[in-house]
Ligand code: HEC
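Form predicted alone, single chain, as structure tokens, below.
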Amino acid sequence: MRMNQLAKIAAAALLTFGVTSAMAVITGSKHDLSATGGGTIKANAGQNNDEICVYCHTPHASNTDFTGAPLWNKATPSGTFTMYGATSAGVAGTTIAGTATDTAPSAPSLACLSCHDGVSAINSIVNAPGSGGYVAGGQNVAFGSTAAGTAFTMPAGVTQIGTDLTNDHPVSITYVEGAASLKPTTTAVTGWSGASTIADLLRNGKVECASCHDPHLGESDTFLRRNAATVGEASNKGSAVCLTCHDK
């Protein structure tokens, strides 16, 4: 990939998640899946050209059916999810405040769940590096000790969100002022990357994974958008992330 192509991909992704380029540090973070990445889940040296962006984005032949992130290089997750407050999979859930979720995660959250659902292969990409690497629907490339053609899914642990979302903060849910003591969307926020009001944290008026996290913010181990580098303190000190929206 040419550097100017990668720069365009990065710029588009930053705009999607509402982050300034000065804040985004992917290299060396846990989302750097190249051989020199900062986590334990990564490729062996020399595999997939030691690229970083390729596991999520591609400058050509992207998955145009997926609208959750630009130039998406992974297949759209096809699993059925059990939403927060739901009693079964594939139906809307209801929070204690009476607000209904969608019946399935919206595209912005599916982008995260395409690795963190524990079902989709992390090493599955549509367009592998190099000429002629395109496979419609995705292909499982060689990844770490996993041979090409074999799916490498998120190992068990806190990062494996799974398809049962009943024990996680609700996503794909409309932000309703007053419900669960939610503040007005015009409320100013401080220390949040790419946001000056609560409205800036929402996606089409809904709470999504990207409301609190950004996959490009490697400065935070949990990729929180309220970043310690901005506020000069632990990003969730005093439950600051929660209290940004909830008036408790």
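Values in this document were obtained by computation on a predicted structure and should not be read as measured data. Sequential numbering from 1, following the sequence displayed.
Missing here is the form predicted together with heme C; even so, the following discussion is about that form.
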Exercise. Pick from Ala142, Val119, Ala128, Cys112: which residue has any heavy atom within 4.5 angstroms of heme C in the predicted bound form?
Worked result: Cys112
Exercise. Hey, in the predicted bound form, is Thr76 touching heme C, heavy atoms inside 4.5 Å?
Worked result: no
Exercise. Heavy atom to heavy atom, is Pro59 within 4.5 Å of heme C in the predicted bound form?
Worked result: no
Problem set entry | Contact of Ala43 with heme C in the predicted bound form (heavy atom, 4.5 Å) | no
Exercise. Would Val171 count as touching heme C in the predicted bound form under a 4.5 Å heavy atom rule?
Worked result: yes
Exercise. Are there residues in 216 to 241 with a heavy atom within 4.5 Å of heme C in the predicted bound form, and which are they, in order?
Worked result: His216, Thr222, Phe223, Leu224, Asn236, Val241
